[in-house]
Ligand SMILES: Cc1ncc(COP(=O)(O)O)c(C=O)c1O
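Take a look at this one chain, the form predicted on its own, written out in structure tokens.
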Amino acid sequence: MNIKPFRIEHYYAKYEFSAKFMLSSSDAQSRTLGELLSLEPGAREAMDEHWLGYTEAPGAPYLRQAITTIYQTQEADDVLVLSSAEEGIFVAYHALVGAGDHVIVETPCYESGLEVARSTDAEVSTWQRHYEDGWAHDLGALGQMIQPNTKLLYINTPSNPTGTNMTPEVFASVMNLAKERGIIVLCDEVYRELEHDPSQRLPAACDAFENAISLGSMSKAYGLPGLRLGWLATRNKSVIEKCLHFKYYTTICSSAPSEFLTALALRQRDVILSRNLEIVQKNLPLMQAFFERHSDLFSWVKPDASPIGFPKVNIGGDVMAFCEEIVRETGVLLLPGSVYDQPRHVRVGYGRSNMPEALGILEDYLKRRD
């Protein structure tokens, strides 16, 4: 297996834990272990009694049952628990495709969505979205990419890094096209349930048709990345079986405490998501106003889901150098878009409660820089 360096993680390794302000965070506001346990009476005592032996490789039955409550048509046996969405991407690609297959990947996307596909020796095409088109999806272009050996289509909605959701019409068209051509859809849904207007939420891909896989995680919309828990959900039993067999060579089973805490969080997900959405809805207008005040420097397609966005930076110089200058001088970390092959952009995050302070520090610096 040949795979390129993970540029996002290489960049974050330099700055993530030394920067004072993460103005590029991809996850919603987290919480302490004590805060999570306090959401349910008796949870702390139950945690103290939780057994720390091996767990079942597909995931504890009680956890898989809790995950099904997110969906409309899934049963516990339709869910495979993994240690994060990252493992889900790795396992799904390597279990389902290989040399001789063709994969289509929606871009820009989280780096592993593309690079892990390439590491399988499958032929990979990119279904590209463009800032100049408002990050719209070109269904005609997608249709022209499909080949007789197209095995899998990776999509991401709501999107990392743009923070935009597919329209219902596009989503339905993609699902229908895949169903007609017998293509597996791997839909990265880690930001699902953090739509800014919950009435605009799309159906889960796994509920749309039997050959679609929903990729979920506790990291992003729920703001609990420290649990390191994700999952694949699909009604295609063969997909679950193949991915499980591959998982035996990765993590085998998940962390017992993380499974316990994830099930607790999912039982209380309305409370968790409500708090996270409140922070996002408070911060997004502040971010929008900042970009309007600095329209000579930034422009963006305003997100409608998630705690992230992907503004264009209108400078003549190198955007990565610009980001590194900012973090050195202010302690405020932006993520350069070159890690998404979009070198004129940066990723910003507005899901943290300290975002207004970070934004104020960045604005003061930009004024001094002028």
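Throughout, we count residues from 1 along the sequence that is shown. If you're wondering where the values come from, they're calculated on a predicted model, not measured in any experiment.
Below: the form predicted in complex with the ligand, not depicted.
- When the ligand is considered in the model of the complex, Phe260 lies well away from it, no heavy atom lying within 4.5 Å.
- Ile89 belongs to the set of residues with a heavy atom inside 4.5 Å of the ligand in the model of the complex.
- Though the partner is left out of this view, Tyr110 does reach within 4.5 Å of the ligand in the model of the complex, counting heavy atoms only.
- Taking the partner from the other structure, the ligand in the model of the complex has no heavy atom within 4.5 Å of any heavy atom of His196.
- With the ligand omitted here, the record of contacts in the model of the complex names 78 to 86 of 292 to 300, 78 to 86, 244 to 252, 167 to 175, defined by a heavy atom within 4.5 Å.
- A heavy atom within 4.5 Å of the ligand in the model of the complex is found for one listed residue only; from Asn283, Ser125, Ser219, Thr120, this is Ser219.
- Checked against the ligand in the model of the complex, the candidates Ser30, Thr55, Ser26, Thr68 yield a single residue with a heavy atom inside 4.5 Å, and that residue is Ser26.
- If you take 190 to 218 and check each residue for a heavy atom within 4.5 Å of the ligand in the model of the complex, you get Val190, Tyr191, Ser217, in sequence order.
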